[in-house]
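Below you will find one chain, with nothing else, as structure tokens; this is the form predicted on its own, and questions on how it binds or moves follow later.
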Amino acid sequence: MTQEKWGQLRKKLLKTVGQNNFATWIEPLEFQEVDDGVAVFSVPTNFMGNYVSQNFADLILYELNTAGESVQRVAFQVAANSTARPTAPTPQPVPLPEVAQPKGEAISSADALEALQAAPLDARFTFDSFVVGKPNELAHAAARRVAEGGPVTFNPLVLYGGVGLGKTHLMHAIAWELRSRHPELNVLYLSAEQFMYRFVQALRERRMMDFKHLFRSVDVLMVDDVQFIAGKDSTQEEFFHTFNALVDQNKQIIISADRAPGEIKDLEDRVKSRLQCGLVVDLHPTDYELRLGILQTKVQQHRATYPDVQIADGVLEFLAHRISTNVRVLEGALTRLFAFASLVGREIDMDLTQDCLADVLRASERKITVEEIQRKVSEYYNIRLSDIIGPKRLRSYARPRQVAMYLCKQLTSRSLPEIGRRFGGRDHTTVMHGVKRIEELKLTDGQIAEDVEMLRRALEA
């Protein structure tokens, strides 16, 4: 096979694997020869050879045979002066990238880190596309400060919060910004699961010195979903030592988790202590205004793809109100609406929204009970549950009772008479008065407004 023919095959592979995979894994391959039914390619590193062998060898073999070449298998060998043997296309674990070849030219830490970056950064997750609101403004400001790449001001930065609140978006945004502002820095972003996998593999292959050298040579270490190393004692110990080594070198560490470090079960105390010594920032559940802002931003993005699709007034407000727990679900619902409306040639109105998103809306229906609201309010105001339900009219009991009635009206589908019965058999007019009173106080009493909002977030979390 000629180099020209290989060039033609590369164009077919580009269409099949996509631009990112092609640039990372296929483009560096150099065709050498076809010897006795084996197509031999040279690769820059053992890591790349093993990865391509495991993930793309069958595709390359298929394209070679489709082009008329008589090839039974594909092999990869490290280029030029390395004595490494060709890698056969048999499934095998992907090894750690070589930090230095024993008999060849040394590979820089930057090259090794690039090979390690198995999960590429998402181009959509930048600071420009992140919608800032009150629940996430502190996390956004802290991420921005770290992304400037100046002297380390707080180390580590820990971002935590529930599913779909923007932790991964901010992590990717920091990495993009750092690479743009300071391309000379070694920025390594990976999940805690990847860290654990690399560690276990290094133990198995007796290459711990390579592992330690690689992770201690970064300028910025970013570990996503650190809760996954909880309970893995050996991995936690290595993470602890890596953490200390980087802090001692004044290198930046950025961590994300689904809860505060102190609340992660089976995480060693010394690891918790290290994570808590920096800035720990909570991404709160989204409020209505933030969800609406996210939807409005996404609508502008979708208009580039679906310029003819119109969206009726009230639809975004409806979605922001009904889908309140997960931003990913919210964005996915809007994407589905635009795609469906484009296919059927209709405007996105309330009828189409309810038909198209019936399953999502059912799943996101509020299932908060009156009893749950009563219990949460009594805990918040530090009074007994019996005092909220009972007949006492003291102000210290009456105001929390009215707050609980208001939340029952807002967050459940119960009727006013039924709510009254759950509050010690009170009349529905008493419930109406309580709800109206809280609505009035929210406008004039900042403390009541804050109490109601805090309780609503706690109940919807």
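Computed from a predicted structure; not experimentally measured. Residues carry their position along the shown sequence, with the first being 1.
Below: the form predicted together with a small molecule, not depicted.
Student: Within 4.5 Å, heavy atoms only, one stretch in 353-361, 233-241, 316-324, 163-171 touches the small molecule in the predicted bound form. Which?
Tutor: Heavy atoms within 4.5 Å of the small molecule in the predicted bound form occur in 163-171.
Student: Could you spot which one of F228, Y381, F125, F338 gets a heavy atom to within 4.5 Å of the small molecule in the predicted bound form?
Tutor: Contact residue from the list: F125.
Student: Here the chain is shown alone; which of V377, A143, I294, L188 has a heavy atom within 4.5 Å of the small molecule in the predicted bound form?
Tutor: Among V377, A143, I294, L188, a heavy atom within 4.5 Å of the small molecule in the predicted bound form occurs only for I294.
Student: Using the partner position in the predicted bound form, report whether K298 sits within 4.5 Å of the small molecule, counting heavy atoms only.
Tutor: Output for K298 is yes: heavy atoms within 4.5 Å of the small molecule.
Student: Can you tell me whether R204 touches the small molecule? I mean in the predicted bound form, with a 4.5 angstroms heavy atom cut-off.
Tutor: Outside the cut-off, so no.
Student: Does the small molecule get within 4.5 angstroms of any non-hydrogen atom of R270 in the predicted bound form?
Tutor: Although the small molecule is absent here, R270 would stay clear of it in the predicted bound form, with no heavy atoms inside 4.5 Å.
Student: Looking in the predicted bound form, any heavy atom of D387 within 4.5 Å of the small molecule?
Tutor: Heavy-atom contact with the small molecule at 4.5 Å: absent for D387.
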